[in-house]
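As structure tokens, one chain now follows by itself in the form predicted alone.
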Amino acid sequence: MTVRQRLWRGVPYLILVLSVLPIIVGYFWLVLSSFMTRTEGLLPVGNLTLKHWSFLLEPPFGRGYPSIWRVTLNTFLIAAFMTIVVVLVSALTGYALSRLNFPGRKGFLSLTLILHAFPSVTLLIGTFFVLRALNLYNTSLGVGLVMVGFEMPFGIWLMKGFFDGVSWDMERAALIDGASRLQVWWQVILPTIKPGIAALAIFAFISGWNAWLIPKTFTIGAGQQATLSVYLQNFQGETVAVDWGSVTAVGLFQLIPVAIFFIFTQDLLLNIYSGGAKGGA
């Protein structure tokens, strides 16, 4: 291989490095800023400090405000609830829409597509009255149910696409052997689309973990039902200077669980196209 050919083979790697370099620099600044007294641009100014991470030991806003651990628990419960419900219901609904021909099937598909097209901000007022009527306003359960409702259309369409890609031969063989539809769904089809389930679980968890608009709208301030995104906003006052060191520290703290969740599921995501063979009838 000539020098010219080697240079040309290195061009894609150079482009890849240049494209991810801003992201790496951004994360580097986040880490640096959270441990420095002050920064000017990307350069540290001052000394190393742990004061920006003091929120781990005591509430930064004084008494009456929840600790970071209570807020983290609220956020995790909402994200976990959202992930479990969205994956379970979407997997069942997507299978029915993909494999069964029942009255109203096309209308239901069209309705889910229309619901997915609506931005959540257009439904906030109506959702508020519903939650208040059900006594679920300012509760983690109410926030979780609203977020599940907004995420469900996307999950149903995603799961239906994966079920459409699974060969009918596997299902027919299981039905001939006497398996029920539920057994086929659980024991035959779901193991085939594990990458799709992992993808939906990650999307749902990240959406629930990073959500701001819905928790901010349907909870009161930074109270006991606050989530990390709402909690983080309290560090950015409108009348005082923003302590960017504390903001970056809380932001990194919020990022850690998502990174861990992605690390344990990345193998399934990388094999996202290794599901069942194309087929259908």
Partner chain sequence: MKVELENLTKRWGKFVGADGINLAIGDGEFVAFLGPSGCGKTTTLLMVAGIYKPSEGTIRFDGKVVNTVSPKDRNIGMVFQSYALYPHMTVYQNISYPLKLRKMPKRERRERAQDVADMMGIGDLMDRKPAMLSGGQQQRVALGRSLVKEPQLLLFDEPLSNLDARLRLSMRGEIKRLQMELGITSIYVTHDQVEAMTMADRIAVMKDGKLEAYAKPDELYDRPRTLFVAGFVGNPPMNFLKVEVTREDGEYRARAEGIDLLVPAERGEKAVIKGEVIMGIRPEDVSIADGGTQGEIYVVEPLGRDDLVDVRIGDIEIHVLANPTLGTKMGERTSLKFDTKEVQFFDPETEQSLIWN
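All values reported here derive from a predicted model rather than from experimental measurement. Residue numbers count along the first chain shown, from 1.
Beyond what is shown, the protein has a form predicted together with its partner chain; the following relates to that form.
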property: Location of its partner chain contact in the model of the complex, chosen stretch of 138-146, 186-194, 118-126, 200-208 [non-hydrogen atom, 4.5 Å]; result: 186-194
property: Distance check, Leu175 to its partner chain in the model of the complex, heavy atom within 4.5 Å; result: yes
property: Contact label in the model of the complex: Ala96 to its partner chain, heavy atom within 4.5 Å; result: no
property: Asp169 within 4.5 Å of its partner chain in the model of the complex, heavy atoms; result: yes
property: 4.5 Å heavy atom contact, Ala179 and its partner chain in the model of the complex; result: yes
